[in-house]
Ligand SMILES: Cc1cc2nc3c(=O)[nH]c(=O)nc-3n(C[C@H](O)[C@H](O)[C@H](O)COP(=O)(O)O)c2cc1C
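To begin, one chain is listed below as structure tokens, in the form predicted alone.
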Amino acid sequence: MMHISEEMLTDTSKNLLLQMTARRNVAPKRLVEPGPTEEQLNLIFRAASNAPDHGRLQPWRFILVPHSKRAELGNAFVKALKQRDSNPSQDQIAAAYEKAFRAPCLMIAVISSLPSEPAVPLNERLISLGCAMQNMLLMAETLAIGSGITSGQAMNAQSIRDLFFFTEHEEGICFVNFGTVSSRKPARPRAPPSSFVSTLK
């Protein structure tokens, strides 16, 4: 495999690499106000729209959760908890409810398995969603906005499905969070390409 040193990169490529290597997943509790502006959100979603999309299905969508709906989301989290555990503690209930109020900008990523022509399998749709989300996270990084992805057992609980009006062919994949980073964890070591790339022999 040919090795390309950073000295061989154009300024644009260097900037892109810098954003990629700088990006970190930030826990929602460390994302505070201010969140992205409407203009910044539009840039983030424009980045998402450039993800690969086999068949041009647009098999994914994002649903923003405004502050006026956070209490409803908190109640949905609590209902999901009680569905899994018939006797949760008050601390568990409070923690489930509080999750809805973390990060100033919160949205849920939704995938659709609606049959299509030509047929596009779910794994390809998930790849498209993953690319869209990575584009969003990188755009946020260029705007000095922190981001984090969260999921959990409540993702497709009936209370969550009802709140977001999922169709029978839709599934919640994760929550995407944006905001100002209040504190950062130290960067963790990244695997070198030689550890995950090989050549067919």
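Sequential numbering from 1, following the sequence displayed. On a predicted model such as this, the values are computed, not experimentally measured, just so you know.
Keep in mind the form predicted together with the named molecule is missing from the figure; the text below concerns it.
Heavy atoms within 4.5 Å of the named molecule in the model of the complex map, among the stretches 143 to 151, 48 to 56, 62 to 70, 164 to 172, onto 143 to 151 alone. Under a 4.5 angstroms non-hydrogen atom cutoff, the named molecule in the model of the complex lacks residue 15 among its neighbouring residues.
When the named molecule is considered in the model of the complex, residue 184 lies well away from it, no heavy atom lying within 4.5 Å. By the criterion of a heavy atom within 4.5 Å, residue 19 is excluded from the residues contacting the named molecule in the model of the complex. With contact defined as any non-hydrogen atom lying within 4.5 angstroms of the named molecule in the model of the complex, the contacting residues in 156 to 192 are 174, 188, 190, given in sequence order.
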